[in-house]
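Below you'll find only one chain, the form predicted alone, shown as structure tokens.
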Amino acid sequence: MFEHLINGLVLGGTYALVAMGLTLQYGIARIMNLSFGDTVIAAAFAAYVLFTALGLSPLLSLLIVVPAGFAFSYGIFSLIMRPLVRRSANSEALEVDSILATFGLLFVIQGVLLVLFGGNFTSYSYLNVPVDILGAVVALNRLSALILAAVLGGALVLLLMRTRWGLRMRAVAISASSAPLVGINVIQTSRMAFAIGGALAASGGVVISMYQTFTVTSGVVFTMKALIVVIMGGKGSLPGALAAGLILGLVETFVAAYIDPGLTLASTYLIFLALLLLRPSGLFGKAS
């Protein structure tokens, strides 16, 4: 029982970490990034290469992969998204345009990864040793992934809730049209939110690579799960993404352990649909 609880928290923490990145991109920058999961997988492959070719541990590879994810997303916003932001009449039009643009970017990233790594499943062995916690045996790499996700996610929440920088981010998320009235540069804030979202996607990719197998086409799964978590938690709510990610991970783990592994995806959608019916605004969203 306790072992399944730990595994569920590991999976849920990973979902939450990844979804918080998409929450920033969608909730603040108003960009629905369908290539988000492919950024996650690209980071997982980067961690794999750094570990197998250079012997660099995933924990140290974060110092390379996370800034690279930030720089990549910063460049994508500047080159592709900023023209869309300028020409879009409102946030709804921007969402539609960004869906089309990032849908194409998805295939670009996938194509590059296919050329470099092929279509086979990939994994590596890192800290794959058993650890006894209160009588439950848990792999050390999973435990490390849980701690890493908690530290990164917690640090981001504190930054957004306790700093003036975070206050600007939250102001744009609440009302992008009113933010300039108090001297906030909406474009620059959106660019930073999109870039930080990319950095979180990269960190999520490193965490995932530590204990899961992955392939070039796995990105769509993480995009789907991140979207579900974002909507469940409430648009633009980081605490909501954290709570929804943990719930999703725990439910999937316990369904796989005690009912049937083939029903994990069905259980995800069942919870998602139930929440949409009972609370359409999400766990932490404002009820209309």
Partner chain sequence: MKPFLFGLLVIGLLAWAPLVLNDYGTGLLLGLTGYATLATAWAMFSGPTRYVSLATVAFFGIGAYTVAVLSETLPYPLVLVVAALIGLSVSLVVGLATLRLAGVYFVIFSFGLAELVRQTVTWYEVNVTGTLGRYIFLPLEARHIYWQLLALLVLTLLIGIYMRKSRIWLALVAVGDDEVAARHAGVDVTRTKLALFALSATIITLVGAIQAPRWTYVEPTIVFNPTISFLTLVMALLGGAGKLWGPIVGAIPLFLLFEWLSANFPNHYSIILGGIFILIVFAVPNGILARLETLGQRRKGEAQ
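Positions refer to the first chain, counted from 1. As the structure is a prediction and not an experimental result, all values here were calculated from the model.
Omitted from view is the form predicted in complex with the partner chain, to which the following refers.
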{"property": "Residue stretch of 93-101, 176-184, 67-75, 160-168 approaching the partner chain in the model of the complex, non-hydrogen atom distance within 4.5 Å", "result": "93-101"}
{"property": "Three-residue site L50, L146 and A155 fully in contact with the partner chain in the model of the complex at 4.5 Å by heavy atom", "result": "no"}
{"property": "Candidate from L227, A46, L56, L62 lying within 4.5 Å of the partner chain in the model of the complex - any heavy atom", "result": "L227"}
{"property": "4.5 Å heavy atom contact, R87 to the partner chain in the model of the complex", "result": "yes"}
{"property": "4.5 angstroms heavy atom contact with the partner chain in the model of the complex for F107", "result": "yes"}
{"property": "Non-hydrogen atom contact V115 with the partner chain in the model of the complex at 4.5 angstroms", "result": "yes"}
{"property": "In the model of the complex, I80 touching the partner chain (heavy atom, 4.5 Å)", "result": "yes"}
{"property": "The partner chain in the model of the complex - contacting residues of 206-227, heavy atom within 4.5 Å", "result": "V220, V221, T223, M224, L227"}
